[in-house]
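Here we start with a single chain on its own, the form predicted alone, put down as structure tokens.
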Amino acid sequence: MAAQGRRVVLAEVTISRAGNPVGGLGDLGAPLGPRAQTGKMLPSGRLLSSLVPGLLLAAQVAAAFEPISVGLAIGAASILTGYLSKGLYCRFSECCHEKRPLNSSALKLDLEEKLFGQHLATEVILKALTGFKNNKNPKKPLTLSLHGWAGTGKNFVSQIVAENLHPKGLKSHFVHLFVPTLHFPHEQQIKLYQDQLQEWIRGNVSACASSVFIFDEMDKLHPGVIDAIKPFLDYYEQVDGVSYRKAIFIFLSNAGGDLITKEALDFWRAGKKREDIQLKDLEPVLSVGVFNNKHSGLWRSGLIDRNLIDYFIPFLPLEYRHVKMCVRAEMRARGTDVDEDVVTRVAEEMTFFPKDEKIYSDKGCKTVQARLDFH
């Protein structure tokens, strides 16, 4: 399996150096996960090399007193060398800790303190990740599809998830972000993209079984591209000698935003709280709507047809009060005192819809940072 992973890496490096003319995966800037496994020895390796002769010499001296000590000392040298080698390597370079437990309390706190107005997303993501990470033998990878208008928190949630799974978050060698307009721009190159995508995922999962793959702007992805990864999301123990069962796939899309807004607006007009909206009110509508939407990236996709997406997670449109929460959070993140006058001015500069009720921010919290710069 390791050898297969190395072959994938070499192929990927060749593509990168050649400069893919069609903007495929060879143009990705993120470092390949397997590269960390096949890189040069760290300087600390010289330190270990100098320790081994000393341990072996000690074994020879011990042999003068008791022959069995030779075997014990050599065994200790081997164990210690292996332990120090991995420990020191992981101190200076990121390692894949596949059995690293999820701190559910930390994830819960992050979602509650940093994500506003999204009770469904908070609940579903917390339960889905906790259940998946606590399962020592999952039957398939965890696959989440996040839907809603821009600025409602989809990208922010994917960042929170990444940080709770791998300490370096989106900068981790084991977290991979794909942007269709950058990595899959040409409709006539779909077959090439499918092949490259399979190779990229196979190589990185071979290096780290708990790899995370985030596909942003799915609504801009050419139909058919994403079906290339269908075998990896299915209930197979292995595919060509590689198990994908511990990997996580996250899709982000604006598709379905209109369906979500309609449901939220119906609740508001009926005098119900948005917190009363349940996943069962939206998930079936979302899955069908996205499947039949040519601009969803999942149009007539086998991923939906085969029920390989575990959760369709709706992100509700944000209200005026939620925008104010975003402004306060941004001010605290910048290390400045929260000025309620500024909070109100920034929130009031946003535009809201529908035209008559003006309940929801049409850009969510997307422009809060830029607008705060003027105050």
Ligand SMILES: Nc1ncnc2c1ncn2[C@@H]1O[C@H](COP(=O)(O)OP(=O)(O)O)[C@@H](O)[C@H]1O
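In this text, all values refer to a predicted model and were calculated from it rather than measured experimentally. In case it trips you up, residue 1 is the first one in the sequence shown, and so on.
Below: the form predicted in complex with the named molecule, not depicted.
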Self-check item: the named molecule in the predicted bound form: contacting segment from 153 to 161, 229 to 237, 133 to 141, 92 to 100, heavy atom within 4.5 Å
Solution: 153 to 161
Quiz item: Heavy atom to heavy atom, is W149 within 4.5 Å of the named molecule in the predicted bound form?
Solution: yes
Quiz item: With a 4.5 Å heavy atom cut-off, would you call I313 a contact of the named molecule in the predicted bound form?
Solution: no
Quiz item: Do K108 and the named molecule share at least one heavy atom pair within 4.5 Å in the predicted bound form?
Solution: no
Self-check item: is_contact(L115, the named molecule) in the predicted bound form, heavy atom dist at most 4.5 Å
Solution: yes
Quiz item: What residues of 312 to 339, in sequence order, lie within 4.5 Å of the named molecule in the predicted bound form by heavy atom?
Solution: L318, C326
